[in-house]
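Encoded as structure tokens, the following chain is the form predicted on its own, with no partner shown.
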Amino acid sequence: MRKAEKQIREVCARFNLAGEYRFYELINSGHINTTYKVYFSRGGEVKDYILQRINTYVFKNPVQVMENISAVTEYIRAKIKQTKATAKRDVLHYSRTENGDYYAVLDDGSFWRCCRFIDNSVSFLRPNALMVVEESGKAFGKFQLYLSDFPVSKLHIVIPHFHNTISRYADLAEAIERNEAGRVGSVQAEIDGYEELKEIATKPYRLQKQGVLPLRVTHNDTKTSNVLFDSKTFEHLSVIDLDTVMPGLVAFDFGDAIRVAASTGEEDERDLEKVALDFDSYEAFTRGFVGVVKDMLTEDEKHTLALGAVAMTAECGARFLTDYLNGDKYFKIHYPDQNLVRARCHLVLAKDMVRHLDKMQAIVDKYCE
């Protein structure tokens, strides 16, 4: 038996998964954790589970990560069950060990979790239709709505300063100063470009610190790929990948989704002529998201949603550039300069958003009416 399969079987045993183990497959998605789909047979039916080995380099306190996740998923489940008989396709359900924990730590120190696979569901690395984009907006909007009265103070800060854009820019400055990988001299144009965006990119965070924008429970990684859809109707089911659930700004969740769903290019598109803001996708996501959350938002929150897209695109690009300068330690890469390519894409996209910011906000305003 291969080492990986032996380890996976051990994890399944820790979570007391019922049925007969059949096989597993590696899910090649996501930049941070390692994900497997595991197949069991039980009573003549196939039962699938998702196992994840958590990247403890990124998540220094994975127990707190799971405390956040279990708190919000159980809260959402209770909300849904007020109106529906079951919530098993609408929110993730995590398994417990014999000790009642939502996680298992193996002898080698690896940290694992397990959740049920939602039957007849699909996800999309990139949205393939405007309906999917709009449905993802609804999904993240409902996530906000369900948790609008969740006590934010109960959540752990699992990654300090995660969307502190000022801090992210400070990280970039430090990486430039240290020049650990000896790459600074070749990326001066990118460094200058992100410096030009600094004032507008840091504005939402500064508004929060001034008390203008409230902290809410936010997902903080609102890519379309972090939504499951019904495999037949393509209607949204559940939001997934909840590692970074923390206090944050609604504008950041909105903006991070737009960064991915409304770009005309891939995240690592080399041909920068292909990278711009797709207004059809932007409006579709806005229609779905704002249509759900508009009544819970303050006026200041509504007026900074579009700005959040600029902030998140610039921040994420600055993080890719920082990681490139540090020698590619944080994000998974599949070729040597992928983080630099990602940084260049985000720079072009953020600048396009700045040029069209008034139009972007006008679309938000339309769906807030």
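For clarity, every value in this text was computed on a predicted model and none was experimentally measured. So that there is no doubt, residue numbering starts at 1 and follows the sequence shown.
Note that the form predicted in complex with a small molecule isn't included here; everything after this is about it.
Three-residue candidate spot 142, 146 and 364; no residue lies within 4.5 angstroms of the small molecule in the model of the complex by any non-hydrogen atom. For the options 333, 63, 341, 58, the residue carrying a heavy atom within 4.5 angstroms of the small molecule in the model of the complex is 58. Of the heavy atoms in residue 216, none are within 4.5 Å of the small molecule in the model of the complex. The small molecule is not drawn, but in the model of the complex it has no heavy atom within 4.5 Å of residue 236. Put simply, residue 69 is far from the small molecule in the model of the complex: not one heavy atom of it is within 4.5 Å.
When the small molecule is considered in the model of the complex, residue 73 lies well away from it, no heavy atom lying within 4.5 Å. Comparing 192-200, 276-284, 289-297, 154-162 against the small molecule in the model of the complex, the single stretch with non-hydrogen atoms within 4.5 angstroms of it is 154-162.
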